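Next up is one chain by itself, shown in structure tokens, the form predicted alone.
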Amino acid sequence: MNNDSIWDWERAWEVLPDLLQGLSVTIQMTVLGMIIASVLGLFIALAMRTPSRWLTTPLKFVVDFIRMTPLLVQLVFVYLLLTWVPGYVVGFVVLGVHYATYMSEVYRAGIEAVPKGQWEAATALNMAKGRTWRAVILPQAIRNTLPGLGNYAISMFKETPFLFAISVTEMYKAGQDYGANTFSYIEALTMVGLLFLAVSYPTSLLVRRMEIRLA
């Protein structure tokens, strides 16, 4: 190793296995968080359409509270509050709930984008309200929301480094741990950034193509 060199390839390749293991955790957290966010976000969007203010008023307060407080604070608060719950579980649940509040808006926009004639046609056919939602409205609405959900999936993936605060060894923490042990932060964190780019950039291209096809 050249002590005058800023970059050391030997260190970069040495840290790679730890980072790939951390990347696996990062992807798992993103997938589990997205499952929660997608399902919960849809329920929130539907609940906000009900005429009952007893439901919509407190729900809106909770949604706004979650949106207006930092994800990092939410992670640490829940982790310290639920000390018996593993940090891994706290991580993907908090990620999911946090992003569900944003995805609910995507679903709301998708539902409102369904042409009014679709509602009228279902009414003319005397379809039950539940069947109208299942067979007519939601399939079209969810199709319209796919690009937006994809963009939030990328955002969630890029925010997983916050999980280091609750001792989840995702990719960023793996890089930090390596740097702390070897005093070689440059190689480790550069490789972390490159791996984030390697996953995020192709995914963003797929989402962009989806937006064009569904436009």
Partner chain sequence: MSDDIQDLVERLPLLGDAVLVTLLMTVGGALLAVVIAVLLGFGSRTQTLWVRGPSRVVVEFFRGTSLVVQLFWLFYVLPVFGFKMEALAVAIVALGLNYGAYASEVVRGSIASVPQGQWEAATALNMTWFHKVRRVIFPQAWALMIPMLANLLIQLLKGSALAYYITLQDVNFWTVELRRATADTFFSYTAGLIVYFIIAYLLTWGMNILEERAKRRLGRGTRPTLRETFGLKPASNPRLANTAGAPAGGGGA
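Predicted model only: the values in this text are computed from it and were never measured. Numbering follows the first chain given and starts at 1.
The same protein also exists as the form predicted in complex with the partner chain; that form is not shown, yet it is the one meant from here on.
Asker: Within 4.5 Å, heavy atoms only, which of Ile186, Ile27, Leu59, Leu46 is in contact with the partner chain in the model of the complex?
Answerer: For this set of options, the contacting one is Ile186.
Asker: Does the partner chain get within 4.5 angstroms of any non-hydrogen atom of Val93 in the model of the complex?
Answerer: No - in the model of the complex, heavy atoms of Val93 and the partner chain never come within 4.5 Å of each other.
Asker: Any chance Gln21 has a heavy atom within 4.5 Å of the partner chain in the model of the complex?
Answerer: Because no heavy atom of Gln21 falls inside 4.5 Å of the partner chain in the model of the complex, the answer is no.
Asker: So in the model of the complex, does any heavy atom of Trp9 sit within 4.5 Å of the partner chain?
Answerer: Output for Trp9 is no: heavy atoms all beyond 4.5 Å of the partner chain.
Asker: May I ask you to check whether Thr69 falls inside a 4.5 Å heavy atom distance of the partner chain in the model of the complex?
Answerer: Output for Thr69 is yes: heavy atoms within 4.5 Å of the partner chain.
Asker: Taking the partner chain as it sits in the model of the complex, which residues of 45 to 64 have a non-hydrogen atom within 4.5 Å of it? Please list them.
Answerer: Stretch hits, in order: Arg53, Lys60, Asp64.
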